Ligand SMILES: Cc1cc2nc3c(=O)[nH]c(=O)nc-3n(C[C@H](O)[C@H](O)[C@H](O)COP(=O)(O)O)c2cc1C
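In structure tokens, the next block holds one chain alone, the form predicted on its own.
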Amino acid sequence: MKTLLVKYTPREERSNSKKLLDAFKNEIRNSEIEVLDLCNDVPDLFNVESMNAYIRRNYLKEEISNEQKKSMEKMDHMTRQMKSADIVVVAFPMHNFSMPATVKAWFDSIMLKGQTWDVVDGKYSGLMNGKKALVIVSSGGFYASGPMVNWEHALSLTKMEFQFMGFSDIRGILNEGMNAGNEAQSTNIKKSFDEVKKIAAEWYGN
């Protein structure tokens, strides 16, 4: 078994998302662990050359040049890296009600037609059946309920991306209220730590 931990936690040790990811990592048993730090290994964005190469190769099934292959090299690497894992855990803070741009770029890098999804009989079909995903998101405000419930596009979008790729088991933790004062912060992060440990115990048989 292999577990891929994907993190975007620029606040490092002050990051609540990182603390929760570290707690999950400490509970992993009988699994190879690979860590992808998106702060240091930043995904490529599609540009004119790489988009043309992607369309020609993945949609039109055409042979592409070595230069075009090189333009897709990092995306292909990150796709292979994700596909090699049985469990994928993504941790990041909410930025302006959604996932940070770097995390979105990672998803754009790995959601490649013919690799992680495809069209079968005229319908979208995820190719990552059997894999599990956990999404850990920390937010300053409250979005699970209340007046800002429709503003949350971080956890919901990330889970949808995994669903589109066909992951069989998708879990999510919204560690909210981290700017709401010490009492609320302490209560909510304790709840999130409990959720992390519960999921790890279920997946790794602890």
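Just so it is clear, the model here is predicted, and its values are computed rather than measured. Note that residue numbering begins at 1 and tracks the sequence as displayed.
Although it is not shown, the form predicted together with this ligand is what the next lines describe.
Option touching this ligand, based on a heavy atom within 4.5 Å in the predicted complex, out of 173, 170, 38, 178: Checking each option against this ligand in the predicted complex, the one that comes within 4.5 Å is 178.
Partner-proximal stretch of 89 to 97, 69 to 77, 119 to 127, 104 to 112 relative to this ligand in the predicted complex, 4.5 angstroms, heavy atom: Among the listed stretches, the partner-contacting one is 89 to 97.
Residue 54 within 4.5 Å of this ligand in the predicted complex, heavy atoms: Judged by the heavy-atom cut-off of 4.5 Å, residue 54 is well away from this ligand in the predicted complex.
Distance check, residue 11 to this ligand in the predicted complex, heavy atom within 4.5 Å: Yes.
Any non-hydrogen atom of residue 188 within 4.5 angstroms of this ligand in the predicted complex: The answer is no: residue 188 has no heavy atom within 4.5 Å of this ligand.
Residue contact check: residue 15 to this ligand in the predicted complex, 4.5 Å heavy atom: Contact with this ligand, yes.
Residues from 138 to 161 in contact with this ligand (non-hydrogen atom within 4.5 Å) in the predicted complex: Residues within 4.5 Å: 138, 139, 140, 141, 143.
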